[in-house]
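The chain below stands alone and is given in structure tokens; this is the form predicted on its own.
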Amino acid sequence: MSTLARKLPFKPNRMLVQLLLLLLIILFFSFQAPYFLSFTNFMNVLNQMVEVGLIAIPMTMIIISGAMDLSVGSILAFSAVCMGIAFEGGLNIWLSVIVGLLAGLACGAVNGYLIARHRMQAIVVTIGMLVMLRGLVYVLNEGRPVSGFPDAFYFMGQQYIWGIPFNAIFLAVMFLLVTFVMKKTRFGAYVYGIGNNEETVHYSGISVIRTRFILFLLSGLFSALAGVFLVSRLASAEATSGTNIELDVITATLIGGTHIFGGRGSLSGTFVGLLIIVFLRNGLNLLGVSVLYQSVILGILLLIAVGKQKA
């Protein structure tokens, strides 16, 4: 795109390029897959984008701040399994949900403490958390799926309001709320400032440690929320939940324009990037393309998105 931009008399708006790519994907699959443009399929897409979307919200903020969280999929699985075990142990379903959310918060707090307070590399810490939690979820329930939740719980992931999935409405509200925080509050300004020049922010009297800690705390919370919605949608809490979800989340964030080196990005861009990912996956599924080839395509998109960025 940078080569094309030098030839054009104007610089293409990044959001315009993203929307054009989304439109091309929709047009391509509308001709290739007869059911792609159906209302039912679109609602299924909205229903299936929620978990990736929820995790992409704090991931965008973390990458803007110049860091990365690779443990989100494992935190999702750990929170889901903790919720399932609590329910099996006799707790009320909503108290079990709280247990799952607290588990995610605890994981985010550990990540944030090590990264913010002890200045450890975010990638190293979160990879360590990823590996540890993936093993721990199997230790906790020996890999057994937990099911049999009450019908009221399935409202979160399976019910519709005015023909729109409830979980998609919840996701949209979260995007709007956090977009307001990033654009209109001091905390949002601090996140961008840390990503642009952490030292300057520190010498301005702003607590970089507290800001980073809150970001990873939010990442743990939203990953746990994604786990709760996933269990509600699939009616089962499994140790394998969230496997490789990091690829979709990071790809959506970077395709959405968030800079890999921090300091730039927006949640509106991430939302468009999310739509690109979910419609691409949906179209490939309708065409019967193997999940392995889908991962190859997403990997190429990720390389292209990062390759267009400069430090």
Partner chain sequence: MKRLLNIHEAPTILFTLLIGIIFAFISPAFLGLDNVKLILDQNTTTCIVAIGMTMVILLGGIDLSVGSVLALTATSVGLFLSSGMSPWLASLLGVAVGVLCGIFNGYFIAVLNIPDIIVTLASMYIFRGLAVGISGGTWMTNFPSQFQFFGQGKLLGISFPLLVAIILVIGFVLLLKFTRFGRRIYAIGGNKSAARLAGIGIAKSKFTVYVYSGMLVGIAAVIFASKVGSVQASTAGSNLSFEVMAAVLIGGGSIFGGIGTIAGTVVGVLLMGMIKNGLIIAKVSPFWVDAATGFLIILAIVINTLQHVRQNRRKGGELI
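All values reported here derive from a predicted model rather than from experimental measurement. Residue numbers count along the first chain shown, from 1.
The form predicted in complex with the partner chain is left out here; the points below concern that form.
None of Ile98, Ile123, Ala235, Ala172 but one reaches within 4.5 angstroms of the partner chain in the predicted complex through a heavy atom, and that residue is Ile123.
Think of it this way: in the predicted complex, the partner chain has a heavy atom of just one of Met129, Leu225, Ala77, Leu215 within 4.5 Å, and the residue is Met129. Using a 4.5 angstroms limit between non-hydrogen atoms, Ala109 is distant from the partner chain in the predicted complex. Contact annotation: Ile57 falls outside 4.5 Å of the partner chain in the predicted complex, judged by heavy atom distances. By the criterion of a heavy atom within 4.5 Å, Lys183 is excluded from the residues contacting the partner chain in the predicted complex. Among heavy atoms of Asp151, none comes within 4.5 Å of the partner chain in the predicted complex. Using a 4.5 angstroms heavy atom cutoff to the partner chain in the predicted complex, none of Leu16, Phe29 and Leu177 count as contacting.
Judged by heavy atoms within 4.5 Å of the partner chain in the predicted complex, the contact stretch among the candidates 183-191, 138-146, 155-163, 85-93 is 138-146. Of all the residues from 38-57, none has a non-hydrogen atom no more than 4.5 Å from the partner chain in the predicted complex.
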